[in-house]
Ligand SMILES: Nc1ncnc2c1ncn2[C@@H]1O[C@H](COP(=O)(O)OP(=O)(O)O)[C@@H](O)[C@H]1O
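Here's a solo chain for you in structure tokens, the form predicted on its own.
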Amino acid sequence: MKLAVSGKGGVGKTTVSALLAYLFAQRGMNVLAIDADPSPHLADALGFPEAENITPLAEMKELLMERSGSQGGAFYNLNPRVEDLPERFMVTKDNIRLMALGSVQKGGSGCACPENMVLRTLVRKLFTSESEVIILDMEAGVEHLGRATVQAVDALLIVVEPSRGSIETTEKIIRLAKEIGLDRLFLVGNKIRNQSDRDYITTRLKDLPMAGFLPLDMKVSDAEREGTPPFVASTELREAGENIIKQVMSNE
């Protein structure tokens, strides 16, 4: 099972990614978790020791420039060498291996194409590996999913909360995903308080299947502040996560 997780910033992509990685690992499956969010916190959400000391690959500017073959010029390598990077920078805890990529950001009209080419190539390499389960925690879009990677993705989970901004971002993600040929899309409702919240999401996004809903649970917020994995704190969250996995796997 190879899943990509997207959604508007702040809706809980990392919480969902960590929850699913944990639950698959609890089943005895080998999980590869890839953190491609511009502000990577998946290691922390998964309870990796000394998570704050894990440097995302996107921050290793010299390495990215060297692998891209670009020294600030207009030309760069479209097929950079990345085979050795997982072994060098991957960390492991129990059945979960973690690769912290992050995302190269440039202000204004600056282009980060060479550096991001290295990251996209690495995502493609990781997604075509033999891992039983891959969870990709990504930014609000599909930039890390090149056409070659899409062929390996079993489903894109779009995390959405009951707000207008989240709905509008989800609609954009759906359009982008379909443009690159990714058509197995599921919604995951997060921070759900009541039936009204569920109805708001399903009415506005009625063309996509719902994989499930995660409750608005103060235990999750408390756990995040304390540095505790949210899935440890909330039984309801774990149960909802199991239902999401069943829904996605039953629709393969």
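Quick note: we count residues from 1 along the sequence shown, nothing fancier. The model shown is predicted, which means the values in this text are computed figures rather than measured ones.
What comes next is about the form predicted in complex with the named molecule, which does not appear here.
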Although the partner isn't part of this model, could you tell me whether K2 comes within 4.5 Å of the named molecule in the predicted bound form, counting any heavy atom of the residue? no
G212: heavy atom within 4.5 Å of the named molecule in the predicted bound form? no
In the predicted bound form, does L216 have a heavy atom within 4.5 Å of the named molecule? yes
Do S221 and the named molecule share at least one heavy atom pair within 4.5 Å in the predicted bound form? yes
Using a 4.5 Å heavy atom cut-off, indicate which stretch of 26-34, 203-211, 221-229, 53-61 touches the named molecule in the predicted bound form. 221-229
What residues, if any, in 6-30 have a non-hydrogen atom within 4.5 angstroms of the named molecule in the predicted bound form? K8, G9, G10, V11, G12, K13, T14, T15
